[in-house]
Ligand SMILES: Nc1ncnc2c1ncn2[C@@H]1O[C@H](COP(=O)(O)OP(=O)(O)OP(=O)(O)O)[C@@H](O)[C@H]1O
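So this first bit is one chain, no partners, the form predicted alone, shown in structure tokens.
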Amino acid sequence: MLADDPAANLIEIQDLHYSRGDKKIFSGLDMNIPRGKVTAILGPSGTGKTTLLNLIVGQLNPDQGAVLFDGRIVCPCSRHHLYEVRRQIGVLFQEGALLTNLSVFENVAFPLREHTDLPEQLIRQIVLMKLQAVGLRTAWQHMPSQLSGGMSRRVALARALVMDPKLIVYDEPFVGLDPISMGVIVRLIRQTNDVLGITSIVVTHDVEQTRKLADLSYLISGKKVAACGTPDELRNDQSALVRQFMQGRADGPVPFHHPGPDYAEQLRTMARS
């Protein structure tokens, strides 16, 4: 599952440690993201999946360990190198995160205007090409308020693709979508990855869609990688934690109650304060 040849991996995460205040998020996490594949990152809520994405794109610095993009360390590194890396990464944020005061066309054109000196005619051609790829070329004049949830997500995908990145990161791309819109997004992610030969990371809770989409899946729990394999391999894994998550069981190693002091002790402490 994990490629031994570093050249086969676009992203390598080595002995990653990260804390937020007193809370330890990752403790010795190791992960490889293979080139040209769709990799899903799964895990219970609060395990740090979105935090991991922020570490990969250099928005956060690890306390220990390293994140490598295309063989080079992302952080710590020079600002110039970090910007070079980010120009090679497209991000589809939760809920799309379109700029509400810009039209569909201008949302997709925004990265080109910010990071290139391309002439307007070429920008127009690129934007319409990307909108055509997601089926929304004729909606180029619409404002975000005129779009459905699924349409917004597709415009956001066009924007993530507009700089022709090596990597696209999807943060919970299926949240709030109806079954038809979800099917469209799953197909677009898979087709985009295969046709363009890019690498994709999908953070999601949706086990069923992961089976249709991913080449490789990681399950994060307990501050580390709890399991790794194809979606079917994870589905057939016999460990209690993996079975609880993949089968949606309420009872198991992942507790119902948030960790903290004993209930009676908390009542006594609050009564004394």
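From 1 onward, residues are counted along the sequence shown. Please read all numbers here as calculations on a predicted model, not as lab measurements.
Here the subject shifts to the form predicted in complex with the ligand, a form of this protein not shown in this document.
* Asked: Pro62, Gly58, Gly48, Pro231: which sits within 4.5 Å of the ligand in the predicted bound form by any heavy atom?
  -> Going through each option in turn, the one that passes is Gly48.
* **Answer range among 38 to 46, 209 to 217, 233 to 241, 66 to 74 for contact with the ligand, defined in the predicted bound form as heavy atoms within 4.5 Å** => Contact criterion met by 38 to 46 only.
* **4.5 Å heavy atom contact, Lys223 and the ligand in the predicted bound form** => Answer no; every heavy atom of Lys223 is more than 4.5 Å from the ligand in the predicted bound form.
* Asked: Going by a heavy atom distance of 4.5 Å, is Ile25 a contact of the ligand in the predicted bound form?
  -> Because a heavy atom of Ile25 falls inside 4.5 Å of the ligand in the predicted bound form, the answer is yes.
* Asked: Heavy atoms within 4.5 Å of the ligand in the predicted bound form: does Glu106 have any?
  -> Because no heavy atom of Glu106 falls inside 4.5 Å of the ligand in the predicted bound form, the answer is no.
* in the predicted bound form, which residues of 124 to 141 put a heavy atom within 4.5 Å of the ligand? -> The stretch 124 to 141, when checked against the ligand in the predicted bound form, contributes no residue at the 4.5 Å heavy-atom cut-off.
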